[in-house]
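Okay, here we've got a single chain as structure tokens, the form predicted on its own, with questions on binding and movement later.
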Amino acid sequence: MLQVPEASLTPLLPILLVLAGAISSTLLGFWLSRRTLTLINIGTVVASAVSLGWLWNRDLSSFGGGLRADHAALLLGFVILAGTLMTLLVTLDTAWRARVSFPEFDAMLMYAVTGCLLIAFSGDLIVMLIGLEIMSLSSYVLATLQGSRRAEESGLKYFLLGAAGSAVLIYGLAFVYGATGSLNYAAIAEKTSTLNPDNVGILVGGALLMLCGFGFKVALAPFHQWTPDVYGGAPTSVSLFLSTVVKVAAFAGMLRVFSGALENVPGWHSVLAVLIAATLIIGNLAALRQTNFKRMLAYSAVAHTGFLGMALLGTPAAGGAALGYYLLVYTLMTAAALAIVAALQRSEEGFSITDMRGLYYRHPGYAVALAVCLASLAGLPPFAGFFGKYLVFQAAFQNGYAWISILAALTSVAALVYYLRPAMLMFMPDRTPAREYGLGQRPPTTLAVALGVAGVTVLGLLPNLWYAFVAHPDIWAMLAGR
């Protein structure tokens, strides 16, 4: 007899609230201004974050385990919503100048966030894939919505490479299903705990194909080529969203799949370690050669993909805790830095690093805030970036990947050059006319920057405020829903 799975909507409440914001932007755009819709969406994001607290300790699931509101989903969902809130605040000031101040922009952004949350809450590969495609398709539109030749070119590159990445991921998903006969994370984890020699080849092939597919989404080398062009060509507020919210969601999917369902599958750990090493080297060396500050931050995002990926080399408990902590810190410091770029740039191409000379004497608040963000990105104490890097280094080192930890430490030293150079230039006197757009410190953008700077400072001084939540071993031991 066919059993109909339970279809409770309670675990979906955070997702449904964000979806309501997306639908309202789609339908009400005929009558309400884009700014009003943005404020409505900010309200739905805050309400969604509150609902995460309401679902805490309830460990609910729906659709036969296809959607899970467990602790891991709630923590990762909070990071996604934090990045979304900062993005929406920045767009209140900058969307009109970027020529994306229309309701469709907010609708696409909120649909993308809906997909991101689906990935974090997924309990099987099909739900993860649906969320990934909703997120990806919306992101392709966001990257090209400005209508400029530069944005269209970068968006087309994003679409073509992203589509190839999705195809590879789906092919790997089919292999995993063929080897295990299931799409559910828990069932896959159970069946791979005792490997059948006849299926090992198919299973390893599927895991590696999925790793390559996810590599496109998070910008692991050599699948990172789209990143600097897309981040540089898209409006800066979109670059902020892609480099934080979308990346967090993709890592949430990797955590669910590789540290949960495919944890016992051989082969992918070594391949991931090699990809991380290439990402650390390429990302940091390329960032050293950049003269445009926004493009430098794009390569910085590639380098940080390597640091974040190191957490997946650790055990589920140590690696999950390190990734959960570092994803929030990365979101706060990257979003705040790009928010400042969005406020001060003359065009969506950003500005030259040399143009930052004397920024403190023109915009002292933003200069100090940007210096804090750059110091945290470089991993300098007492800011949270230092503790985040320490945790991912420790997770990889303790699980036998000492060489990748040493390489990461060496590339972190190299990163000091391209982070500290603009930081020093900002405080040097400059007698030339101001070379920024000169928006000044507008309240929404200033609030987003303040949230980021306060977050990386407080979490650096008092890391247990967030680490106490993410460090509980039971949270990450149940990644596959077991």
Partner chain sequence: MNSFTDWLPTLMIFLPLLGSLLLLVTPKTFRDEVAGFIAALTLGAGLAIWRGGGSDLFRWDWIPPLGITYSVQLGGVSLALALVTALMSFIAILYAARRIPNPGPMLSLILAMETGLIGIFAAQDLMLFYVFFEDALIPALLMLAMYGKSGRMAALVKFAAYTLFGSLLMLVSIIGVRYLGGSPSFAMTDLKQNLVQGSAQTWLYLGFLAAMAVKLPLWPLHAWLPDFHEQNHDSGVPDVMGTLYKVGGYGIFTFAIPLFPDASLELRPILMGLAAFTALYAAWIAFRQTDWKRLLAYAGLSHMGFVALGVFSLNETAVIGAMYLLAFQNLYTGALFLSVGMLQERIGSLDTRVGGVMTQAGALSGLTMALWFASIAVPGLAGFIGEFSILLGAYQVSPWLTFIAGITTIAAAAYALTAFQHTFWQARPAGSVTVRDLVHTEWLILGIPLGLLVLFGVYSTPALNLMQPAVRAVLSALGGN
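Positions refer to the first chain, counted from 1. For clarity, every value in this text was computed on a predicted model and none was experimentally measured.
This next part talks about the form predicted in complex with its partner chain, which is not shown.
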### Message
Each of 35, 47 and 96 within 4.5 Å of its partner chain in the predicted complex, by any heavy atom, yes or no?
### Response
no
## Note on the structure
The stretch from 22 to 30, 56 to 64, 412 to 420, 35 to 43 that lies within 4.5 Å of its partner chain in the predicted complex, judged by heavy atoms, is 412 to 420
### Summary
Checked 201, 222, 382, 178 for heavy atoms within 4.5 Å of its partner chain in the predicted complex; positive is 382
#### Entry: its partner chain: the contacting residue among 166, 394, 352, 290 in the predicted complex [heavy atom, 4.5 Å]
394
### Query
If you check in the predicted complex, is residue 191 within 4.5 Å of its partner chain, heavy atoms only?
no
### Query
Does its partner chain come within 4.5 Å of any heavy atom of residue 299 in the predicted complex?
no
### Touches its partner chain in the predicted complex: residue 406 (any heavy atom, 4.5 Å)
yes
### Task
Evaluate residue 464 for contact with its partner chain in the predicted complex, applying a 4.5 angstroms cut-off between non-hydrogen atoms, and reply yes or no.
yes
